[in-house]
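Let's start with one chain on its own, the form predicted on its own, as structure tokens.
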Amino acid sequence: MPRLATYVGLVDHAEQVLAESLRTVAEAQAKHPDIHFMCETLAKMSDAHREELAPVVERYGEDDASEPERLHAAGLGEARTGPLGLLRDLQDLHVLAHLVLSSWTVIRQGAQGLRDRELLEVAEASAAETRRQIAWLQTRMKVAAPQALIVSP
């Protein structure tokens, strides 16, 4: 199953990078309790996805994939400041979460083809929570956009 191992590695790493990036934003936005605490909560979701994936990693292995790290290094190695910085950080998290979601979609299809019920359940549950992460990020971007784009600094 070397090809499945590629996506198992990709989603495992992407979830890790998403969790780390969410924590970076949470720390940088400590003065905004809603963002701070929600980013921490969303990071814990990604941590839980990785824990649920662990038995699958043992069974299929995981190939090293660098795509999420590249995005993390370019986008969220360090949080930005100010209203526009917050908006851009939220947008970067949104893009990264979509990478996670699309990876779970691919893994779900592989699990169906393999008739691997455990992997299918992990992929479906993780994808559902990732959609919740995306929904919050999108809502928070909508809230942040007017202040960031219209109000003078």
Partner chain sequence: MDRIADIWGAPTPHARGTVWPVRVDQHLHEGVAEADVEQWVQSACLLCSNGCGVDIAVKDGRMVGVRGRAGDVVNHGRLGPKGLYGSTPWASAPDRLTRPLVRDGDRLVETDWETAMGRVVQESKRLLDKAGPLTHAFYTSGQLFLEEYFALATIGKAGLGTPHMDGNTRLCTATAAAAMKESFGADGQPGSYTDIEHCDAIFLYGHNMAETQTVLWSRVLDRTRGDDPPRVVCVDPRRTPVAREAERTGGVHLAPKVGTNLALVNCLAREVFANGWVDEEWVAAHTLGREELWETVSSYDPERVAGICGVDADDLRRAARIFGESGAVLSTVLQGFYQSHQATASSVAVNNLHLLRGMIGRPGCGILQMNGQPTAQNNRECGADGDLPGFRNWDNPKHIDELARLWNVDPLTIPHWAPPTHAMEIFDHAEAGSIEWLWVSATNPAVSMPESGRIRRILAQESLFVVVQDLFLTETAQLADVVLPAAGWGEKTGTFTNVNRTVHLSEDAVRPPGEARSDLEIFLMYARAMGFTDKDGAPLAAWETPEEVFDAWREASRGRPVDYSGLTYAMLRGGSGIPWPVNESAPHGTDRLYADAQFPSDTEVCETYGHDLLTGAEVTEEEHRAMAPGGRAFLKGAEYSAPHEEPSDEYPLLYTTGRTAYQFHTRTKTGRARSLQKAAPAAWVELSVDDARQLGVAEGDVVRVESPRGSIEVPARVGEVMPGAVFAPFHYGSWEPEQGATAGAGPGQANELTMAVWDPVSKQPYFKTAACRVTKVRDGAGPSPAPTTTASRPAADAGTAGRRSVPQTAGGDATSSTLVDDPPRFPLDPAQDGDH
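None of the values given here were measured: they were computed from a predicted structure. Residue numbers count along the first chain shown, from 1.
The same protein also has a form predicted together with its partner chain, omitted here; what follows describes it.
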- prompt: Does every residue of Asp34, Phe37 and Arg132 put a non-hydrogen atom within 4.5 angstroms of its partner chain in the predicted bound form?
  reply: yes
- prompt: Taking heavy atoms and a 4.5 Å cut-off, does Met45 contact its partner chain in the predicted bound form?
  reply: yes
query: Does at least one non-hydrogen atom of Gln109 fall within 4.5 angstroms of its partner chain in the predicted bound form?
result: no
- request: State yes or no: in the predicted bound form, is some non-hydrogen atom of His13 no more than 4.5 angstroms from a non-hydrogen atom of its partner chain?
  value: no
- request: Indicate whether its partner chain has at least one heavy atom within 4.5 Å of a heavy atom of Thr105 in the predicted bound form.
  value: no
field: Segment that reaches its partner chain in the predicted bound form - one of 109 to 117, 51 to 59, 96 to 104, 24 to 32, heavy atoms within 4.5 Å
entry: 24 to 32
Residues within 4.5 Å of its partner chain in the predicted bound form, restricted to 129 to 147 and counted by heavy atom: Arg132, Ala135, Trp136, Thr139, Arg140, Lys142, Val143, Pro146, Gln147
